[in-house]
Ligand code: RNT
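Shown next as structure tokens: one chain only, the form predicted on its own.
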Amino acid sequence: MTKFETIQQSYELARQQYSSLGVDIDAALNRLKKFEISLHCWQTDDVGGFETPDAALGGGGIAVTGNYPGKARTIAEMQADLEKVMSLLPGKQRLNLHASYGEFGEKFVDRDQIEPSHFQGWIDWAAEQEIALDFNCTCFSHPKADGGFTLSSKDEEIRRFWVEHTKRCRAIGAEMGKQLGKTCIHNIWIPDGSKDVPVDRYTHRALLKKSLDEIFEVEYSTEYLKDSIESKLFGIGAESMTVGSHDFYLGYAIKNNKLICLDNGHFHPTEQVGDKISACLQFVDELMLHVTRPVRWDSDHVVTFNEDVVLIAQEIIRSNAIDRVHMGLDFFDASINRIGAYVVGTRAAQQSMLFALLEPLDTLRRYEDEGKNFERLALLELMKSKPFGAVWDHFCMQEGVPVAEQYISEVQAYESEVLSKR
């Protein structure tokens, strides 16, 4: 029996098991195929960017550990790496760019001067790949971020600099959406905060609100641009107070009809982002998710198929919100092959979505509504041993990408042929 025949046979057996529970596998796979995950460009180069020939990590509470060979040093190398990654993934992806990844040539362009022309190459590349772009202002790794405050700075010159930068980023994002014909999500995250206990939290938050109000003065069609704001519990150098807390941004998002970005590494370890999804969706139209794997803190390990990520996926599906929730990845691991990290992390997020899509929701809801809690628990436990892997393998085969462990050798070959020569 060939590998294809084995996968097909396993899939048919899985179909029978899921069908007996009222689950339509084909419908689940069709929904998964349409669910786009936004890949984060900074996994390829350890959040370095291309503002200067020797661009390196600065400040802002970002830390990448490891020095595995093969880091992308140019936009061409980064694009080649991304193309390889996408060739190993089923379904459709997007790309999430930071403003520090523009094409600036030999000329230094400060962040309050960036323009769409600096990202035209990325737009053209995305059009060739038939993918959409998302965008982020880069309010870290810059001399004007070294004081710990950007959009909430009491220094008006610094605050105005970052307001102008973010305004320009929104304009760039809108141009990306317009040219590509797919809405770009522009996300704002700032590292602003205090290492020790501050006295005047109020003024910093009032200044952040003022900055956001100024940034959003220009309105763009949602066909081109949607705005997202991202909270955080704490960061390195901002352990005692983060200006852009969850409470602050959630209130601002509700009042001003913005997307709230929930990063599952940006909360207390005992908090579940999955639990927040249905709560936030009562008050905002859409959510942005940054999926990562925090280990005791916001350490951005490669995403794995774990309970936290599965719960996030389940809550998206159980809330019937697959069209209202956007998922991006946000991890960076320089201790292992970066391409392999991408593929493992993205596949884990996709597998979590598939696992959630294969739940017999009608039966589970009926049990719950009838107070049959034992039956609900038993069925949820039973689903953990169903042949979900056979369905995933079939999906990969259907999409023409490596099945099961086959992608490991593909990554190893790319390392040998490309990464090892850098």
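So that there is no doubt, residue numbering starts at 1 and follows the sequence shown. In this text, all values refer to a predicted model and were calculated from it rather than measured experimentally.
A second form of this protein, the form predicted in complex with this ligand, is not displayed here; the remarks below concern that form.
Checked against this ligand in the predicted bound form, the candidates Lys209, His118, Arg159, His98 yield a single residue with a heavy atom inside 4.5 Å, and that residue is His98. Taking Glu286, Glu315, Glu175, Glu230 one by one, only a single residue has any non-hydrogen atom within 4.5 Å of this ligand in the predicted bound form, and it is Glu230. This ligand is not drawn, but in the predicted bound form it has no heavy atom within 4.5 Å of Asp308. At a distance threshold of 4.5 angstroms between non-hydrogen atoms, Asp298 is in contact with this ligand in the predicted bound form.
Though the partner is left out of this view, Ile62 does reach within 4.5 Å of this ligand in the predicted bound form, counting heavy atoms only. This ligand is not shown here, and in the predicted bound form it never comes within 4.5 Å of any heavy atom of Asp81. With this ligand left out of view, the stretch that reaches within 4.5 Å of it through heavy atoms in the predicted bound form is, among 151-159, 262-270, 211-219, 346-354, 262-270. The three marked residues, Tyr68, Asp333 and Tyr414, fail to reach this ligand in the predicted bound form, with no heavy atom of any inside 4.5 Å. Residues of 21-47 that come within 4.5 Å of this ligand in the predicted bound form, judged by any heavy atom, are Trp42, Val47 in sequence order.
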